[in-house]
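Only one chain is shown below, in structure tokens, and it's the form predicted on its own.
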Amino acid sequence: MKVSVKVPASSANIGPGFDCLGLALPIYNTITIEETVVPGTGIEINMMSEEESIDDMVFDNIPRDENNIVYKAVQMLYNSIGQEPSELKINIQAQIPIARGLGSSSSIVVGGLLAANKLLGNPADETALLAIATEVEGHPDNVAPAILGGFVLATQEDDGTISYSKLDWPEDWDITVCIPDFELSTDIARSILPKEVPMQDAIFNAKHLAMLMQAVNTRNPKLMKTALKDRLHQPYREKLVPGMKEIMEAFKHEDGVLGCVLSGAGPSLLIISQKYDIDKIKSTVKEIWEKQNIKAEVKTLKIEEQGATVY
């Protein structure tokens, strides 16, 4: 039996929503798992891509055995029902750029889990799948929109369960994804964050996350422009992303631009706008990065509402 799962990219944090807010984007990884019939063949993991933005060399450092993150997720699912994975062939067709803050690892974790769940006869419900995916990834901000689609606020409770709420993103708010041609690992981006933050910074983010929720719910662009500020991660990660400060400053006083935020741990950026010249956004971003010898793919996308699809 063979099962494939198409999983969207995701962008986490969206400014003040550190580790709890994310949205799905229409860039996809497809994970296919097949139970092989020949005993003793073990695990076969293949990674491939036809995307120019993904260098095949990045695949060389990805484990092809039990240490692969997809296999670990699959194994956790099997173990949760008292089983061990049989011989498996796992194919990963990648379109989501790796180490760019677009949820590449979350997408393959989700894809592996959903494919394995289908192979097992769907023993795990949505709640269990969200909990396992979060345990593998560490937080739900990417895995929740990857599974559910849309714009999602999610948190992990003390007992490990995931509570979430999907919000309707305003249709006339455009999302321009700016993907530079360099990688930034999540581990490095996390290592630069302080272990403790000032109380006023925590309060600042709590206020702005609440404002962001209200801005989206009421379709209030003026409030959104205020809400997309952060003090918990972006000021620290800014030094790891050349040109980030300049790009943010370039759009700070543009009425049609609601904000520019780091996508996940970076280095990709999201620019949220309403009835603004998209070509101007693209040319401005590319010009700033070109001055630093950075090439970029810049594209305006709609939120992917579907989430992961099993077939």
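Nothing here was measured: the structure is a model prediction, and the numbers come from that model. Just count from 1 along the sequence shown to find any residue number.
The next section is about a form of this same protein that is not shown, the form predicted together with a small molecule.
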task: Establish, in the predicted complex, whether Asn13, Asp141 and Thr186 all lie within 4.5 Å of the small molecule, using non-hydrogen atoms for the distance.
output: yes
message: Although the partner isn't part of this model, could you tell me whether Gly264 comes within 4.5 Å of the small molecule in the predicted complex, counting any heavy atom of the residue?
response: yes
- prompt: Is Asp19 close to the small molecule in the predicted complex, meaning a heavy atom pair under 4.5 Å apart or at it?
  reply: yes
- prompt: Hey, in the predicted complex, does Lys225 get a heavy atom within 4.5 angstroms of the small molecule?
  reply: no
field: Exercise: Arg190 in contact with the small molecule in the predicted complex, heavy atom 4.5 Å
entry: yes
query: Based on heavy atom distances of at most 4.5 Å to the small molecule in the predicted complex, which listed stretch, 92 to 100, 133 to 141, 111 to 119, 168 to 176, is the contact stretch?
result: 133 to 141
